[in-house]
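Coming up is one lone chain in structure tokens, specifically the form predicted on its own.
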Amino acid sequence: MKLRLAVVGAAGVLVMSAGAAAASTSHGSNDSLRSLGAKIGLRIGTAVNANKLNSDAKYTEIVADQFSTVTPENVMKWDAIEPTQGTLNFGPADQLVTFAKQHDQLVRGHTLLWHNQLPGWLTAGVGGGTIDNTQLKAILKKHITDEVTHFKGKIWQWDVANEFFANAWDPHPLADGINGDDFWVQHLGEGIVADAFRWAHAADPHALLFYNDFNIAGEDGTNAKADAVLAFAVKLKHAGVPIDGIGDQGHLDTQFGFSGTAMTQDLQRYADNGFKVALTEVDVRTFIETTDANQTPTDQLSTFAQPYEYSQMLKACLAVRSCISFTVWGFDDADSWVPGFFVGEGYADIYDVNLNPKPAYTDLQQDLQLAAHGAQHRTGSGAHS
């Protein structure tokens, strides 16, 4: 992703210009989320279902009009990129990157190092003993290097490492809060996180490199995980590891409590320690009538709670100048991951199953309209500015 107006530097990489944020309005209507966010230099994004892009006209129109940054929902994950060892399939991801360029959008690359959606040949090889730990590390380094190199100059932010820290319910947290049961930690140790950042930076020194996780801004009612992530990230930075930012996913559920104030404070803590921050996978789920394809909430109160919590997350981002992007994890209920993962829940997005905007959309729109008259302008969106 590049903040437009991008210019090509001597090395052939895309460089962000000072007028980049304002230029994002050229492909959005004046009251679109992207245009309103551009007034303060905030990128508003969505995860994109590559199967629907350019095949569903209304879906494609909304992606182009409403958002100034896009995240590939699946097509940059390892199982999609290298389903067969040694055969790289960049086609679907290339199509998304091309779409983004055509519509003056930036791209968040997602994700390089994660324990899920690994190719079957890799997990089978490790499990069967045909890939030992030394080989595994070499294979991982090649994967990160190949993918980042392929997209060099085309990615604004990479989610380099994803979901390494233990939650309250995980049985084997390590002393520093990392999940001891993580696939990569079990085989290569927690130092592999630093290695991943170094490899990604070597392949594209101009991309912003993020650590990405959930419940790291007080969403679960405790700062234990946030404290652990902050301490670890600071340790990496002090060791010279090229980590630029912290991405908080922002997956909420209306059945649990949520404090926008706590989120603001945690995002600010990351910023105060020299990190850019982003809300990377925002959605708010609730219980729904499972026999209703429209994902109607079972409790009318949740129709007020859902947009309120969206608004609280955006306001937390707006309050922290180092928060440079706010990304919803898919914008429409029809394509949401939630009903397939959380039984009996849904209604998580800002558009309904028929691609009509919901109250959550309107609340975000109004918050951005007000922010133009008071929120600080986001600056320094380049990799090392």
Ligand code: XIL
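These numbers were taken from a predicted model, which means no experiment stands behind them. For every residue, the number given is its place in the sequence shown, counted from 1.
Omitted here: the form predicted together with the named molecule. The next part is about that form.
By the 4.5 Å heavy atom rule, the three marked residues 73, 110 and 251 all count as contacting the named molecule in the predicted bound form. In the predicted bound form, residue 162 approaches the named molecule with a heavy atom inside 4.5 Å.
Among heavy atoms of residue 114, some come within 4.5 Å of the named molecule in the predicted bound form. In the predicted bound form, none of the heavy atoms of residue 244 sits within 4.5 Å of a heavy atom of the named molecule. The shortest heavy atom separation between residue 182 and the named molecule in the predicted bound form exceeds 4.5 Å. Only one segment in the set 228 to 236, 73 to 81, 258 to 266, 147 to 155 has any non-hydrogen atom within 4.5 angstroms of the named molecule in the predicted bound form, and it is 73 to 81. Shown without its partner, this chain lists 219, 281, 204, 104 as candidates; in the predicted bound form, only 281 has a non-hydrogen atom within 4.5 angstroms of the named molecule.
Taking a 4.5 Å heavy atom cutoff to the named molecule in the predicted bound form, the contacting residues in 336 to 360 are 337, 341.
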